[in-house]
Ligand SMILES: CC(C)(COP(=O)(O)OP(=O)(O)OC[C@H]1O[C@@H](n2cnc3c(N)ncnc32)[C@H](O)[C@@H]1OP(=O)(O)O)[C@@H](O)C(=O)NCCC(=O)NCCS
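Let's start with one chain on its own, the form predicted on its own, as C-alpha cells.
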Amino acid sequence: MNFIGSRTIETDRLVLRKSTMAEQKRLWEILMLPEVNKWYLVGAKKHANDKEYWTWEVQEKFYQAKVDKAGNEDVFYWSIFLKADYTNSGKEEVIGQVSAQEYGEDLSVRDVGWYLDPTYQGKGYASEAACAMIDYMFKKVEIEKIISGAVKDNVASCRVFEKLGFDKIGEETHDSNYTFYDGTLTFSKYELTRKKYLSNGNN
C-alpha cells in the first residue's frame, strides 16, 4: 500500500479535493437536510432530538478536527466540487463528500461512502465521484479490497455500487444505527477486489 493521502482528483465534471474549512459549513448545511442525513449520520442517537447540538456553532469544532487530520497520509476524505460549467450559479460549488475509511484492522481493506446535495442528485455525480475515488484507491494507494454497503431502501446508493461493478455479498437486517432513523432496516452488503477491478479493464 501507498499512504499518499487525499491528493486532488479531477474528472470531466468534478474536482475532488482534500477537505479544508472553507467548504465545511456548506457541507454541514447539506448534511443537515433530512433527505441526506437519513442515510448518512450514524452513532449520535443520544443527540437526535437535541437541536442545539446540531447547530454550526457546536458542530464547527468537529468539522475542524476532521480538517486537521485531512493532511495525514493515511486519511482519504475528499470534498466534491462541481465545475462552474455545471452549477446553477455558474461558479464552482462544493456539492458533497466522498471517503474511503478503515474497515477493521487490515488497512488494505476499505469502506467507502458519500453524500451529495439533493439539488444535484440524479445527474450521475455520485457515480462519477465514487468511480474516481475507487480508481485512486486501487491504483494509487493499492488497497486490496472494498467492503461497503447501503440500506436496501436507499435505492440510489445501491445502484451506484452495482454500476461500479461491486458484487452483492449478502444482506443484514437489524435495528437502525442512523441518528435520525428509528426502526429495523435491511442493509445490502457489497464487495469489490483490486484484482477484479483491474481485470475489468481498469488498468
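One-based numbering along the sequence shown. Predicted model only: the values in this text are computed from it and were never measured.
Beyond what is shown, the protein has a form predicted together with the named molecule; the following relates to that form.
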Does the trio Y40, Y115 and G124 actually contact the named molecule in the predicted complex, every residue with a heavy atom within 4.5 Å?
-> yes
If contact means any heavy atom within 4.5 Å, which of 70 to 78, 115 to 123, 101 to 109, 84 to 92 contacts the named molecule in the predicted complex?
-> 115 to 123
Quick one: is R159 in contact with the named molecule in the predicted complex, heavy atoms, 4.5 Å cut-off?
-> yes
Though only this chain appears here, would H47 touch the named molecule in the predicted complex if you measure heavy atom gaps against 4.5 Å?
-> no
4.5 angstroms heavy atom contact with the named molecule in the predicted complex for L27 = no
Interface membership of K163, the named molecule in the predicted complex, 4.5 Å heavy atom rule | yes
None of V58, A65, I169, V155 but one has a heavy atom within 4.5 Å of the named molecule in the predicted complex; the exception is V155
